[in-house]
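Just the one chain here, the form predicted on its own, laid out as structure tokens.
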């Protein structure tokens, strides 16, 4: 990989890229080789004020359009995204390290599909007529909340923005996006494409900089009606604390420590393949990754052997090579964190079955790479089985009965997702009902669609992304009552006479 140009990006406010008010910048580097690919405006609280003002100014015009017109703008944006598929995929790979086969084949197409989906379902959103009595008409209408603050993580830099942006925009809100500092470039480019699609200047703004500065300022800002956040649980709790001072609503999609429960009657070949995808897709940097795998005792050895064999075939290397499946993690401090958890797993007695370190190849020597890693003989009380490692590391533990498997799966403060693997679908459904999570997959893991709601419980947060359910998260339901007779025939008339 050769030297790349270090291009300058401004924040995106009011329909154009602008420098930070203080003139400062920060660097974004390619995690595959450590080279600078961009300098980016390091925004201040003053820039947050500018962005919120731009969003507020654009709000009445955007909200005042018929939903059909907003939907058409999102459809145009969906088409434009696919016209820029190669550009966006390459930019995502260069800033994040996610392999080009994934950014081209998954991330960018799903961004386009998400805008297309919300463009369609919004036109079916209606209010209700309420039968309060023959003397009146009582009904509800859906109104946008106003300016939405969107704060997103680095594991899917563009897609996590799109999940919130599409629902917020089509319901008539305007947005200020705070993308992750390590990979903000695609969010800036996406905002430019929003303007190109005919979404008014100021309706989508992107502020760049640290969460401690501009992220907190966005949450505190009195002009922001709601915060939509995806990220780690500790940051989510901080957002709740800051937003509570204004009783500001927040939607939180937080961390997960997700279980895969493999019963004795499961198709072990399918379960092993599912574990590879669930554990190592996006280098395990997925809030729903199957990082805790519980296998019924009689099938443990067979499952472990097949899981390891399947994972050995994953190519780790240059993310711009279409053959690469596992690229680097986005920054060095995160690889250091993964290495600490691997060391802890070894110290606590887990058996290393695969990986456990940095790959030793010429193409990986300058990047932040880590091998797919599998530990056997794990227990639920080990540190790497308790905490969200957020990397390509999974542990396999055993259980004796289905009841114990569910108990182990539920023994975590998180509640995002889980999967059950069994040929007995009646038993599988029964166990799914007992799992304390937002999503359960039977004989699959990590299957997400625009049509299905996504969100957790316990310390994995609350609120939903995707599906028709999320539209309610971005509107205010107003009740309107009209007296149609003028007659004094209400049930309570005369109480004060």
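Residue numbers count along the first chain shown, from 1. It should be emphasised that the depicted structure is a prediction, and the values quoted were computed from it without experimental measurement.
Although not depicted, the form predicted in complex with a small molecule is the subject of the following passage.
Chemist: Quick one: find which of 86-94, 264-272, 222-230, 168-176 has residues within 4.5 Å of the small molecule in the model of the complex by heavy atom distance.
Modeler: Stretch with heavy atoms near the partner: 222-230.
Chemist: With a 4.5 Å heavy atom cut-off, would you call residue 318 a contact of the small molecule in the model of the complex?
Modeler: Output for residue 318 is no: heavy atoms all beyond 4.5 Å of the small molecule.
Chemist: Within 4.5 Å, heavy atoms only: does residue 154 come near the small molecule in the model of the complex?
Modeler: Judged by the heavy-atom cut-off of 4.5 Å, residue 154 is in contact with the small molecule in the model of the complex.
Chemist: Looking in the model of the complex, any heavy atom of residue 210 within 4.5 Å of the small molecule?
Modeler: Contact check for residue 210: yes, within 4.5 Å of the small molecule in the model of the complex.
Chemist: Answer with yes or no whether residue 195 is in contact with the small molecule in the model of the complex, where contact means some heavy atom within 4.5 Å.
Modeler: Output for residue 195 is no: heavy atoms all beyond 4.5 Å of the small molecule.
Chemist: From the list 358, 238, 189, 306, which entry has a heavy atom within 4.5 Å of the small molecule in the model of the complex?
Modeler: Going through each option in turn, the one that passes is 238.
Chemist: Can you pick the one in 311, 342, 350, 160 that has a heavy atom within 4.5 Å of the small molecule in the model of the complex?
Modeler: The residue from 311, 342, 350, 160 that makes the contact is 160.
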